[in-house]
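Have a look below at one chain only, the form predicted on its own, in structure tokens format.
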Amino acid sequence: MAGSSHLIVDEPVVQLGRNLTFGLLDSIGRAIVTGQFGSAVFPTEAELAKQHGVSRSVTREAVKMLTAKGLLSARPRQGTIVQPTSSWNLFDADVLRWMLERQLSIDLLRQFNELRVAVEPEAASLAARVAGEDDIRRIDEGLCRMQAAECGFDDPLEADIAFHVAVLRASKNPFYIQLREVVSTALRTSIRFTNRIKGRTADVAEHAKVRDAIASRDPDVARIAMRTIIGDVLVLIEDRIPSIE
């Protein structure tokens, strides 16, 4: 495929890394998500094993994992079939990462931030009611990292992610907490995109308002402050859609 030479299925075995199963999972998963199989018949386990220079057991395990993620299905007399996007588990961090690493999709970024605005403000509001001292300390640490990043002493991306994940954890809602890997994975692309447009990192003062509201046990202010942060991102994305090729 022209323009996508970095997403080739038949990579040398050395590129699969120490863990052959997860290396093969990553290689085939990327190929499926980027449409490299298209309407072609998906290879058999024997063909995949030969193509990648790995054992049948490694191939079988990788195919099972891809099936669990909704990318593949095995049917009697039909073999293994690539599933449509509608069947993929979009809450699986690997699937989301593969989707975000293909050609930049503004629609996907917008949809992800629409999910965030439905979840994170409520998580912040919950955190203001139920967060313990350790939870608030982790939020403080995330904010301190963001402040340090502005001075070049920390990674802006990792600091921003640490803050948002700390808020999810502070909600003590297991469903919100389960989203931390999804949020972390997608934020890596979303933050890079928005920071490139703005020419700067996240607004630390706005994030501090979230922290202050949680520490002050003010659920309504925490909700509004977090919604403001994500709402600004959505506006930024919408404003840029016409100029993205």
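Sequential numbering from 1, following the sequence displayed. Here the structure is a predicted model, which is why all the values come from computation and not from measurement.
From this point on, the text means the form predicted together with the DNA, which you will not see here.
With the partner left out here, the DNA still marks one of 152 to 160, 87 to 95, 71 to 79, 165 to 173 in the predicted bound form; by a 4.5 Å heavy atom cut-off that stretch is 71 to 79. Using a 4.5 angstroms threshold between heavy atoms, Val58 counts as touching the DNA in the predicted bound form.
In the predicted bound form, Asp212 stays away from the DNA, with no heavy atom inside 4.5 Å. Mapping the unseen interface onto this chain, Thr228 falls outside it, with no heavy atom inside 4.5 Å of the DNA in the predicted bound form.
Although the partner is absent here, Leu20 sits close enough that one of its heavy atoms falls within 4.5 Å of the DNA in the predicted bound form.
The partner is absent here, but in the predicted bound form a heavy atom of Glu45, alone among Glu181, Asp218, Glu45, Asp26, sits within 4.5 Å of the DNA.
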